[in-house]
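In structure tokens, the next block holds one chain alone, the form predicted on its own.
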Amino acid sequence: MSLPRPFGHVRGEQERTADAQRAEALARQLAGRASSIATAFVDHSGAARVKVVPLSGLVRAARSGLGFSPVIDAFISDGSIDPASELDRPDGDLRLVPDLDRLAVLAEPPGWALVPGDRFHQDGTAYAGCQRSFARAQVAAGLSRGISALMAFEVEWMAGRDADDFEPAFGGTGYGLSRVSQAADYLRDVLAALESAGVAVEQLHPEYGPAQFEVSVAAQDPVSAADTCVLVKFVIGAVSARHGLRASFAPAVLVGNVGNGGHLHVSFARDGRSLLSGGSGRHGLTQAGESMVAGLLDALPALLAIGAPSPASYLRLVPSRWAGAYQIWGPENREAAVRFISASPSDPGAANVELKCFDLSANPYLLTGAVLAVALASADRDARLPAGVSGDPAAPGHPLAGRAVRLPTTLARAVAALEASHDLRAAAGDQLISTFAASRRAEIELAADQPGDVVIARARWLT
């Protein structure tokens, strides 16, 4: 587990020395296995940014960090810098410090290791705009109250031929063995590379869309879950490239078709006991557990700006596609934005909620931190869930047909909800919220008045 850190953490000489000593021992272990070390973080555009050092540079990187300008979080998806951002200036420098406990040696590409990093000012104080530090701070805030969370991202992708347009690399039906047989060598290599990198894969299956697959991984603490999401996407991209393919994780890949989700599974415990099972409420919910789920349901419009932060995200959030377009919850309802999964007699600790409205254009650190922040703020409010919904509210004859509340249908509406969220602003701080919102407005302007096919094409191969 990545150790939790509260906001305001200062990385002093003792910590720098300990990190350097840990890196020296680790470098000896890595000799002959990895020669290039990539330290990465994810910016406001959802892109993983990286600095690479040879293995001989790991000790210095661990002690002193790697230089990165704060302007990186002003980048938008087309690679340009948002001139309206407060971060668009040539001044300043941050230090990207690798979290050595989360270093993964890769089989694909061979000779490489990937390690997530946290950003600090040069004097050792944590950078208030660091999304991973924000997620760490929420974990620390929860543990101070005896509350912990486990999370896991489902990673969906479509495998295409290496071309600008999308040409499915494999045929076969959704969920079908025929697609697995066509992609057998590719999927075998994906699984082997993930397991070699230390990813606990629970299952992989063909999904509904053309040449679409999904991998599910074991639940972890929120920061590690975000680390694993970045790692899984990187490994899948590397394996795809070796097979002469490209992996699209975009929320919309083809016009009029399903897209790729990045569903987030979440569970909560207090003092080691599940808050989503064993209680006297509906479906075994405890009072605090129901209040946390109700808080998440209520905050979904604001969370959507973080979890579905691309204009293309709203081309995926269409009713009747199991994308979670409605602000509803229900037990095992895949059309609901919040799907509740009860504990089973064979696995009493398995109760969790699946937040289905999110996708993989999100910064996973910002998202896990925001979800945990909302849940913590809601834990003691004694909020109650509305009636659960079964079925598809868009279906003719459904009791809620025409009356179910849609989540924001544009990124602009979601950003407005985010900026109005007192809970998220209190947890993340003005700098993180304002700079993220500015980056989303720049993305909105980039896509303004563009037809859907252009919006999709622009985001198709972004990672």
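We number the residues from 1 along the sequence you see. Model, not experiment: these values are computed from the prediction.
The form predicted together with a small molecule exists for this protein as well; it is not shown, and the discussion that follows is about that form.
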* **Among 252 to 260, 342 to 350, 102 to 110, 191 to 199, the region lying within 4.5 Å of the small molecule in the model of the complex by heavy atom distance** => 252 to 260
* Contact at Glu214, Arg316 and Lys356 by the small molecule in the model of the complex, all three, heavy atom at most 4.5 Å -> yes
* Structure fact -> From Leu96, Val293, Val239, Ala323: within 4.5 Å of the small molecule in the model of the complex by heavy atoms is Ala323
* Asp227, Asp221, Asp82, Glu156: which sits within 4.5 Å of the small molecule in the model of the complex by any heavy atom? -> Glu156
* To do: Give a yes/no on whether Glu207 approaches the small molecule to within 4.5 Å in the model of the complex, heavy atoms considered.
  => yes
